[in-house]
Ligand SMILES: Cc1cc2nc3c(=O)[nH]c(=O)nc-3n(C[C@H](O)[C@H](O)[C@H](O)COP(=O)(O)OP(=O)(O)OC[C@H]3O[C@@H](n4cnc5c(N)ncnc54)[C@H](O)[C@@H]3O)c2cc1C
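Just the one chain here, the form predicted on its own, laid out as C-alpha cells.
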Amino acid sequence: MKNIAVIGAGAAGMMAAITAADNGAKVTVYEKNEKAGKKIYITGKGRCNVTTNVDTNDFFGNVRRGEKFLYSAVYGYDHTSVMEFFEKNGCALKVERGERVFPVSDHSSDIIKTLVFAMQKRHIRVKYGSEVTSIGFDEDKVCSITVNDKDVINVDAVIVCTGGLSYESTGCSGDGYRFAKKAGHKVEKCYPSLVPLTIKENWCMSLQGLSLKNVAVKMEEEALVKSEETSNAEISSEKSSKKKKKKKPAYEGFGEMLFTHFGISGPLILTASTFYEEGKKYILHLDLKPALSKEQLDKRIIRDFEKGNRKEYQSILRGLFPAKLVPVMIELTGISADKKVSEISQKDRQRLVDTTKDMVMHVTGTRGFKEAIVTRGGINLKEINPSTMESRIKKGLYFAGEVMDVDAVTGGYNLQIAWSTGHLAGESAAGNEY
C-alpha cells in the first residue's frame, strides 16, 4: 500500500486524497489551518459555485491559461462526474442561470461537509494545524516530508495542493511555489485574477452599491486606443482609402456588474480582470443599453421627450435609468437637471445617446490578492505531465489546482479545474510505480 501525503485540505487536496484512497493508497492530508476547505467556504458569496454545467467541449473556451494542458484532467473527470460525486454522497445540487451549479441548500459548508465525510469514510487521516515545511528527495524521487519543522515522515508520493496567493486569510501564502522551486521547477510570476478593478473617475464611487444587469463592457488598452486614433488621423490627412485593421479590445462581455467605493466589481468585471495586465493602462467602455443601437435608443428617447415635453430633463432620465444613476448622467451629459425637455437640442439629445452607449472609465489597477478569487501564474506547465499531474523533474511529486499556472473565468470553472486535476493527481499517485 502506497503512503501518500497530500498538502492542503482545499478542493483539489480533498479530491486528490479521496481518489488516491479509492485507488488503494494510504493517505494523510496535512492542513495548516484548523479546519478543511476555508477557501471553499467563502466562494460564491458563501454559496459555493461548485462547478459549471456547460458541455465539456465548451468548457475550455472559458479557460484563460492552461487550456490544452487540462484536456486529460477535465475529460477524465468532468462536471458530470463532479455532480454525480456530490449527489451520491448526499449533497443535492441545482443548476442556476449561466449554467452555474450550487448546493440546493445554498450553503458552501455542505460541500465541505460532504468532502470531509467522504474522507472519513475512506479512513483518510487529516492532520490539522500541521504545516508541511519541506519535501525531502532521494536524488530524483520524493522520499519524505517535514511537518512543523521537526517531524520527518517517510512517504512514497506527495501531492501539492496549496493553492495560490489569493485570499491569504484562508492559508494561501505561496508554500507550493516554494516547494516547486526547491524541486527545480520554474514558477511563473503571479498576479491577482478574478478581482475587482479600481477606477479613476470620482462619479463611479458615487454609484457605490448600484448593481446593473444586462449591460455590456469593452476594455481596451489605452496605448492601443491612442495609437489607433493617431493612425486614423494620418490616414485621413493622406486621404487614403486604405484603413488599418482595428485591434481587438482586450475584453468584451455582457452581464452583471456592481459599482463599489473604489470602482467596479461583479461577474462581468471579474471576468474582464482576467485580461488585465499589470503595468498597462486600460479604458473601459460601459454600454447601459446594449440591446438597442444608437438609432433605436435615439428613437426611444425622442418618444419619451414627446410624451413628457413639459417635464424636466431629470424627470425623463428617471424613466431610463436607476435613480442613483440619474445625477451621474446629468453630470456626464452636461445638461441642466431642471431644463425643460422641449428646450433640449438635437445635439444635447445626441450627447445623452452617446453617454448611454459609452460611459468611459479609466482603470487604475486591481484590488490585489486580498480580494482576488484566483491567482494568475504559478508552476510552469511544461514541467508537469498533463496525463498524470506528476512533476517531470522529480518522481512521486504531483501538483493539483491553483498552485499551477492555470486559471479560468468566473462561473464554477476554477473549482472544476481543482476537482479535475485533484482527481487525476490522486489516481496517478496511487497507481504509478516508483
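It should be emphasised that the depicted structure is a prediction, and the values quoted were computed from it without experimental measurement. One rule holds for the numbers: they count along the sequence shown, beginning at 1.
Omitted from view is the form predicted together with the named molecule, to which the following refers.
Novice: Work out which of 391, 62, 366, 43 lies within 4.5 Å of the named molecule in the model of the complex, going by heavy atoms.
Specialist: When the named molecule is considered in the model of the complex, the option within 4.5 Å is 43.
Novice: Please state whether all three residues 195, 218 and 252 have a non-hydrogen atom within 4.5 angstroms of the named molecule in the model of the complex.
Specialist: Verified in the model of the complex; spot residues all out of contact, no.
Novice: Quick one: which of 161 to 169, 111 to 119, 335 to 343, 87 to 95 gets within 4.5 Å of the named molecule in the model of the complex, going by heavy atoms?
Specialist: Of the options given, it is 161 to 169.
Novice: Would you check, heavy atoms only and a 4.5 Å threshold, whether residue 11 touches the named molecule in the model of the complex?
Specialist: Contact check for residue 11: yes, within 4.5 Å of the named molecule in the model of the complex.
Novice: Although the named molecule is absent from this view, report whether residue 175 comes within 4.5 Å of it in the model of the complex, heavy atoms only.
Specialist: Output for residue 175 is yes: heavy atoms within 4.5 Å of the named molecule.
Novice: Is the gap between residue 28 and the named molecule in the model of the complex 4.5 Å or less for some heavy atom pair?
Specialist: Residue 28: no, not in contact with the named molecule in the model of the complex.
Novice: Please run the contact check for residue 414 against the named molecule in the model of the complex: heavy atoms, 4.5 angstroms, yes or no?
Specialist: Within the cut-off, so yes.
Novice: If you look in the model of the complex, which residues in 347 to 385 sit within 4.5 Å of the named molecule (heavy atoms)?
Specialist: Contacts from 347 to 385: 372, 373, 374.
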